[in-house]
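As a starting point, one isolated chain is supplied in C-alpha cells, in the form predicted on its own.
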C-alpha cells in the first residue's frame, strides 16, 4: 500500500478521490481551503472528471453538492466553521430530505481564532440537525473516515458531517492509502420521487423518519465506527477524549499508555452504552474536547447521578482557546513544563497589507475624503482589506461577517449617520454583498459602496473570484445608476483624481458604487514568475 505524507486537509481530499467522489463544492476559508485545492491540482481527479470549482458562497456550494447527491453521485462540501452559518439553511433541511448519493460535509473549525472572527464549534450544527458527526484524531483516521462517511451516508440515506480543526487540517503525517479505488456512482434518481420536496406534509413525515434513524446511527457509533474504550487500572478518573484531544492526552505519557480508562470518541451521536460503562466504573469523569463543551453538556444531562463531571464548564479545562498537551496534563494533575519565556527583544509582528497592495492606495483616498466628516462612518468586511482597521490606516470601524459592510452601512444611513461608506472585496461582494446592495437600491439609501477589486480571492490564497469581469454589470443589473458606478486605478500617481471621485460620491444622496481595481500584488508576482518560466 502506498504511504503519503499529507496534511489533514490533503488526506481528506485524497480519500474522497479514492472513494468515488464525483464533485467537491465549497468556498475558500482557512483552515478548509487546501481540501478543494488538492483536488483541483490532482491529476487523478482531472482524469476522473471530478468537478472542483469554487462556489460564489457556502450556501450555493452546499446546494450544488445536495443536487449532485440527488442525481445519485457522491458529493463533498467544504467550508470553515463560520461558513456553516451561511450554509445553515440547506444544511438543516438536507437532514430532512436525506441523501441519495453519498453526501459528506466537511466543517473546519478554528479554535483560538487564528484566522477567524469567532471559535464556534460546528458539532452543534450536526447535533442540532441529528446527522452523524465524525471527528478524526489524526490524518490516517481522516483518510479512513471519508470512505466510511460515504458508506454511512448511503446506508442511512443521510448527509454525514466530518468536523476537523486547524491543527489537524494543517499538520502532516504519514497516511496509508487504499490499494483499490472505488468507481464513481452512475446517475440514478431516488426511488421516492417526493424525497426532496419539503412541503409541510412531506417534511413532517420525513422528519419522523430522521428521528427513527437515530437508534441505528447510535448503534453504528458504538459498533461500526471508530469509537474505542481503552481500559485502565486507576478508576479514580474516567477520561472522555473527543477527536484530536485524544492525541493531546496521549502526549502526556511517553509510552502512550494512560493509567485511567479512556473513551475515545470520534463518532457521534453519543454511544450511550460506552459512556455509561465509563461512568459506572470511575469515580469522576474528565471530558476533553476541542472547541466548545458540547459533549460535556450532554453528559451532564445524561449522567446527573452525583459523580463529578469535569471539563470546560467547571474550569478544569480553559473555557476558550485550543487544547494542548500541557492543559490536559494540568487537568490530570501531572507535572507540566511551561517552556522558556519569550525574550523581551522579540517584538510582536502584527499582520499588515503587503507592500504594493492596491488597498493601501484605496484607503489613502478614503481617509482623506472622510477628514471633513469625522471618524466611525466606514464599515468593512471579511478579507485582506480588514487590515485597514490597523495602523497606519485606521480607516474602518466594523468587521462582522461576510457581506455585513453594505447592510450595516445601510442601517447606519437609515439611522441618520451620514455619509455611510461600505468597503467590501470583489469576492465577498459576490459571496453575500449583492443582496445588501439590492436593499440599498430598493430604498434609495444614501450609501457609498467601495468594491475593492483585486480580481481574486486574496485572503485565502489567490483563488479565482466569481466577480472577475462582472462587477460593473452586476451593480447595473441590481439597479445602481451607471453614472454612479465609478472605476478607479488605485495608484499613488492617480491619488488626486481618485480622491475627487470619492468626494463626489460621498456628496451624492443616493446609492453609489466605487470600484478601485488593480491586481493583488502577490498574484501579480505569481503571474510574472509563471510567465518567465514558460
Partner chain sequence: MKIDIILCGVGGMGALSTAAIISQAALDMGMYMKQAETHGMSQRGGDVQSHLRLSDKEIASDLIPEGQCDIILSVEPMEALRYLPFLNREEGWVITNENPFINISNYPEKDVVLAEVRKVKNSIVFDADKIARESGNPKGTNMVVLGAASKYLKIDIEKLEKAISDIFSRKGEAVVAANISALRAGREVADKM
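This one's a predicted model, so the numbers in the text were calculated from it and none came from an experiment. Residue numbers count along the first chain shown, from 1.
Unshown form predicted in complex with the partner chain; subsequent notes refer to it.
Enquirer: Is residue 435 close to the partner chain in the predicted complex, meaning a heavy atom pair under 4.5 Å apart or at it?
Expert: No.
Enquirer: How about residue 138 - does it come within 4.5 Å of the partner chain in the predicted complex, if we only consider non-hydrogen atoms?
Expert: Yes, residue 138 lies within 4.5 Å of the partner chain in the predicted complex.
Enquirer: Check residue 170 for me: does it contact the partner chain in the predicted complex (non-hydrogen atoms, 4.5 angstroms)?
Expert: Yes.
Enquirer: Is residue 247 close to the partner chain in the predicted complex, meaning a heavy atom pair under 4.5 Å apart or at it?
Expert: Contact check for residue 247: yes, within 4.5 Å of the partner chain in the predicted complex.
Enquirer: Please identify the residue among 341, 416, 193, 333 with any heavy atom within 4.5 Å of the partner chain in the predicted complex.
Expert: Answer to the contact question: 341.
Enquirer: Looking at 354, 282, 222, 364, which has any heavy atom no more than 4.5 Å from the partner chain in the predicted complex?
Expert: Of the listed residues, the single hit is 354.
Enquirer: Look at the candidate spot formed by 174, 322 and 347 and say whether the partner chain comes within 4.5 Å of a heavy atom in all three of them in the predicted complex.
Expert: Yes, all three are in contact.
Enquirer: Tell me, please, which stretch of 194-202, 91-99, 210-218, 249-257 lies within 4.5 angstroms of the partner chain in the predicted complex when heavy atoms are compared?
Expert: This holds for exactly one stretch, 249-257.
Enquirer: Even though the chain is shown alone, can you say which residues of 11-47 have a heavy atom within 4.5 Å of the partner chain in the predicted complex?
Expert: Contacts from 11-47: 30, 34.
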